[in-house]
Structure formats: structure tokens, C-alpha cells
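Coming up is one lone chain in C-alpha cells, specifically the form predicted alone.
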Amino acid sequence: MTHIHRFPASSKAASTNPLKMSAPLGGALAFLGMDRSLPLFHGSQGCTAFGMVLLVRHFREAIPLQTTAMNQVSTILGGYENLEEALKTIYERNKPSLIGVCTTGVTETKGEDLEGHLKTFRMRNPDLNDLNLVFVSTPDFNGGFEDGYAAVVQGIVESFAEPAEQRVKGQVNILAGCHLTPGDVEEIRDIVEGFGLTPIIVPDLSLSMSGRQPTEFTATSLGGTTVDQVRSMGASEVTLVLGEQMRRAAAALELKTDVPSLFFDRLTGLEASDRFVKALAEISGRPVPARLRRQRESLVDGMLDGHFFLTRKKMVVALEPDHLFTVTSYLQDLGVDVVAAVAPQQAAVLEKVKAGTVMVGDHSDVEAMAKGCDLIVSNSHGRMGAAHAGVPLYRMGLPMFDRLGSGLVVTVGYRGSRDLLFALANIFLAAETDHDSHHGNQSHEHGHDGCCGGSGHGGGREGGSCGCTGA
């Protein structure tokens, strides 16, 4: 597009309806994809409480997350004593296999020496040398959710991955970005294993955040990638890098292990899925499984059916940068006119996003640009702006606290791409059906299934997909 309006300057003095989430929260999610791990926020109790509530509401699971409980005195004089006490207490009580320390705005503003803290802790506590620790700088005021997640994955790789003298045939590394749900990660694992390959996924949220009922309470994550698996990544044949955010972690892994990388900017869509499947066939030397061939045919047929309802529809998308690129690219594959793409923070991948306007903003910007559009795609915090603009909201991304099963939604590969297409197309198909039901027969519309839900105008329901207001 030659008419793209990139990064227009905002006239607002403050974010009035934030889209952005903090870097430590993204870092905590990455640590939750490691087996028996416990993220620890080096900051105040409030920093941890808000982050934990958001993750609990999204995944509807108990979220292990601890804090060093900084107060006004330790913030000014230095928080090492709090950090050391927290690490020793967690180890004695919970015996986690990994403790991941994320800094916050409080400790970063003070300018605490995190690397120095780690060296001091090791020197003063030689009896805890077997405790796996990863310290990552994730200030609240720099970057966002995606940046914190990426920094932690890089920290895990740099801390544990080891070079190997021999390669293990069929073993592949996968660096999975935070734009992938636990359901997406599970789908990717199934596709890779379908070629006879053995994946090591870092982090693996599909094993820890997909919903489990343990027989006993545990204060650590319930599953995920083990530290030993990360150590063995140097023996893999190749690293599959999923998302622009994973480039630095992939470079760190390649530097330590000499394992070559293959980069995939998205796995949603026909062409994107084809590239991924072709790469797996070449790595494994095996033909594409019949199951995937059937799924590809189903996606192509779905694109044929769905284009009647999606072509030329106007949409606004507001998501984390890699997720934003994935969704806007796929929508344009389907013939959608993406009027605006809004990200919470700057990122390199935004240069590749194609939309009428690409900007760093919040939900109030989305609301302003969505007027007259057909659909908004964003997280649950976008619901109020969507209501003000009078535009339906399709929920994607994190947080999604007003829907069940958000962590298990699949939008990658042929199957996930097809399901996402149907979910979007059905919104407009339902709108047409509701409209016909409402306006096609005035004598029967109220009281039957339709946009008024059987209650009729003024029946207590605020509008329907046909656009009636119920007033």
C-alpha cells in the first residue's frame, strides 16, 4: 500500500483507555512456560497483584507469582535484602526447579544492579548453588508485554542452553512468541510431530496453561519445558523461530550452540502454513501427512466460501505487535480492508504491517478510527470503545476475561486459519440473517429469533448485530 499513514503523532497528553500491558507481566508468562518454575517480581506488592489478577482472569487458573514486597525504605536504600530473603524463602518452601526474577519500575528507577545481585546471592549462599535462577531486566516504563516475554526467553536460553558435539537426528528447537496461545502451541507440536520430529518448545505454555487439575496443590507451574531440555537444545538440527520478537533469543541460541535458525513471521494463513509445512518436510525428509493435506483442502474451500462475507469489509485491529502483523496480514489475504492497525508499543515488525493507518496508541484511538467500520479486533478491554463506536468487537489476544477457553483458541496452521476465517465470516453472516429476520417481516420480527432476541424494541436488550439500537 502506498497510501499507508505510519505512526501519526498523537495529540493526547495521556492514555485514556490503555491497550498496553507491562513488560514484567510478559516476562512472568514466559517463565510460566517452564516446568515447576516460579516467577518473582522484584518490586512492590501492587505490581505483582495487578499482574496476577489479569492472568488469572484470562486463563482462569491459579497463577504462581511471587513478590519481593519492596516498601518505601527498601526502594530508596536498595532492595537486595528483600530479594535474597524472597529467594531463600521460596526455595525452602516450594523447591521450584527454576525461579525467574523480573524487575519492575520501582527497582529499575532506583537503578539496582541486577547482575551484581545475582553474583552476590551466589557468593553468599553456596548451599543453594543447585537452584536455577534467571534474572531479567523488565522495567515497566520501557517496552511492553511482548518485550518482557522476549527478554525472558533470551535470558533462559543464555542461562541454560549448552553446545553439543553431536546432533540428535529429528530433534528441533521451537522458540514460540507470546502471540501464540497454549492451544496454538499444542497445534504446532502436533504438526511438527506429524513429521516424526521431536520438538523442544521454549516456552511451552501448552503444558502449563491449557487447564489442568492437579491432585495436590503446588505453588509452582504445573508443566512446561524442563531446564534439562533447554540444556539439550544445542543438539538439535535446527531452531524454528516463530515471531519477530524471538529474533534476539534465536541469535543468542545460535551464538551459543551453532544450531541454525529458520524464521517464520506468522503461521496463520494458507501461504504461511505452506511455508511452515514445506520446511518441516525438508527437515524430516518425509512427505506431508495426509491429515495436513486434508486440512489444507478444507482451508482453501473455506476461503472460497468465506470471501463472500469478508471481502471489502472494513476493520480496525489492535493487538501486540507480532499478533497485529499476523492478524492484519491474514485479513488482507481474505480481502478485508484493514483501516487501521494499532499496537501498544513500537516494534520492528510494525514496519511490515499493511493498513490504512499504522500507529502506536490505545483503545481510544481504536474507537476514533473505527467509526463507520464493520468490525474491531482486539482484546476484552476494547469492548467499551467498540460500544461507543457502535461497532462489533471480535476478541483476540490477552486479556480476554469475558469469554471462556481463550487460552485454547487455535489460529495457526491450516486448521486454525480455517477456524478463524469461519469465526469472522459468521459474524457478518449472522448479521445478514438477523437483519433479514428483523426487517423482512415487520409483523413477525419482534418476538422471534433475531437481533432483538425476542424482546422487541425497548425490551431491555441494547441492539443487535443488524444495527438496531433497541431504543
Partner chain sequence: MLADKIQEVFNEPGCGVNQAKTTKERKKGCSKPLKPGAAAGGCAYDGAMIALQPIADVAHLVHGPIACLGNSWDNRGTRSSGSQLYRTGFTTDLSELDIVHGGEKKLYKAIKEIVQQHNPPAVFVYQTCVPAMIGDDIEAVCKYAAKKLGVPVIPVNAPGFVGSKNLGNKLAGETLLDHVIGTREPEVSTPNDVCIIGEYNLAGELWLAKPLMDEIGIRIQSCISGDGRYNEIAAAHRARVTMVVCSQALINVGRKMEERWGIPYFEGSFYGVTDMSDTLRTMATMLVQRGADPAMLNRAEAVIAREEAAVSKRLERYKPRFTGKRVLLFTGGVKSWSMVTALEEAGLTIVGSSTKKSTKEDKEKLKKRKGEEFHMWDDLKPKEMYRMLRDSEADIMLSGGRSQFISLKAKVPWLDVNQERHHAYAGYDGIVNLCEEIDKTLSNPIWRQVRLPAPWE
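Here the structure is a predicted model, which means the values were calculated and not measured. Positions refer to the first chain, counted from 1.
Same protein, other form: the form predicted together with its partner chain, not shown, and the subject of what follows.
query = For this chain shown on its own, do 62, 70 and 215 all sit within 4.5 Å of its partner chain in the model of the complex, going by heavy atoms?
reply = Heavy-atom distance to its partner chain in the model of the complex: all three under 4.5 Å.
Could you check which residue among 430, 53, 408, 423 gets a heavy atom within 4.5 Å of its partner chain in the model of the complex?
By the 4.5 Å criterion, the partner-contacting residue is 53.
125, 311, 109, 198: which sits within 4.5 Å of its partner chain in the model of the complex by any heavy atom?
Exactly one residue meets the criterion: 109.
Check your understanding: Of 302 to 310, 239 to 247, 136 to 144, 256 to 264, which is the one stretch near its partner chain in the model of the complex, taking non-hydrogen atoms within 4.5 angstroms as near?
Key -> That would be 136 to 144.
| field | residue 401, heavy atom within 4.5 angstroms of its partner chain in the model of the complex | value | Flag for residue 401 set to yes.
**Request:** Indicate whether its partner chain has at least one heavy atom within 4.5 Å of a heavy atom of residue 117 in the model of the complex.
**Result:** No, residue 117 is distant from the partner.
query: Quick one: is residue 323 in contact with its partner chain in the model of the complex, heavy atoms, 4.5 Å cut-off?
result: Answer no; every heavy atom of residue 323 is more than 4.5 Å from its partner chain in the model of the complex.
**Item:** Non-hydrogen atom contact residue 395 with its partner chain in the model of the complex at 4.5 angstroms
**Value:** Output for residue 395 is no: heavy atoms all beyond 4.5 Å of its partner chain.
* To do: Taking only heavy atoms into account, state which residues of 72 to 95 are within 4.5 Å of its partner chain in the model of the complex, ordered by sequence.
  => Stretch hits, in order: 72, 75, 82, 85, 86, 89, 90, 93.
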